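Starting off, we have a lone chain in the form predicted alone, written out as structure tokens.
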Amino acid sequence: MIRTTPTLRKLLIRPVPIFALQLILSKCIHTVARNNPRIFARLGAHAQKCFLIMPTDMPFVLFLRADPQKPRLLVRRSASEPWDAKISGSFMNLLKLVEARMDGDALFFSRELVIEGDTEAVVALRNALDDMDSTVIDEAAKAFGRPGAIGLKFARKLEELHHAFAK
């Protein structure tokens, strides 16, 4: 069952048009930036860099351009644009990293997380995320008000069930 879950997840998300994902992610990144302006400023010299975030079990990739003045999170079907640092792993592991529910070092050394390019920029991004009072996921859910909070609660419940069945 564990091996089919990423494939099922990939099949479920594939019909979702990229522009729909882009609208959702744009709203999320703008909410995070508005509510946490220092997160991108904390990147310092790495604020102008492009992070390719590659969920290995999803039919899309993300490009985070962390410009404090105009942060952007772009969704694409492939890694077709230049990047400074690349972070790849399963969608759930990447999600857990963003929520600080999983140790990035443990994932990296177990090879469940792969980092290429400017690792110093990735460390700066990780430190900026750790410096937030809440998590990026909680902030992104705020972008959609009560439906976002309900959706996040539902997603976390699904993950708990997944873990219960995986054991």
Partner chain sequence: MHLPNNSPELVCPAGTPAALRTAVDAGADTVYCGFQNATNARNFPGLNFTPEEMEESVDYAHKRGKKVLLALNTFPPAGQTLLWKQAVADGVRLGVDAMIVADIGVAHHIATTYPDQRLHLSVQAGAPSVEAIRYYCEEFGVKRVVLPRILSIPEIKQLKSEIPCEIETFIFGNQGLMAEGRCSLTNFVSGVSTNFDGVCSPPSDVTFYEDKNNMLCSQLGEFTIDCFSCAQGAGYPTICKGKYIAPHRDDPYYAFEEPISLNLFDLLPQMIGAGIEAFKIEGRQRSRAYIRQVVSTWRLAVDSVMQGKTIPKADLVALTEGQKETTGAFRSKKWR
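Positions refer to the first chain, counted from 1. Everything numeric here is computed off the predicted structure, so don't read it as measured data.
Heads up, the form predicted in complex with its partner chain isn't pictured, but that's what we're talking about next.
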Problem set entry | Listed residue (Ser26, Ser134, Thr56, Asn35) with a non-hydrogen atom within 4.5 angstroms of its partner chain in the predicted bound form | Ser134
Seminar exercise, completed: Note: exactly one of Ala47, Ala141, Ala124, Leu62 sits with a heavy atom within 4.5 Å of its partner chain in the predicted bound form, namely Ala124
Problem set entry | Heavy atom of each of Ala149, Ala155 and Glu160 within 4.5 Å of its partner chain in the predicted bound form | no
For this session: Look up in the predicted bound form whether Arg101 has a non-hydrogen atom within 4.5 angstroms of its partner chain, and give yes or no.
Result: yes
Exercise. How about Asp130: is it within 4.5 Å of its partner chain in the predicted bound form, going by heavy atoms?
Worked result: yes
Problem set entry | Touches its partner chain in the predicted bound form: Ile115 (any heavy atom, 4.5 Å) | yes
Problem set entry | Partner contact for Glu120 in the predicted bound form: its partner chain, 4.5 angstroms, heavy atom | yes
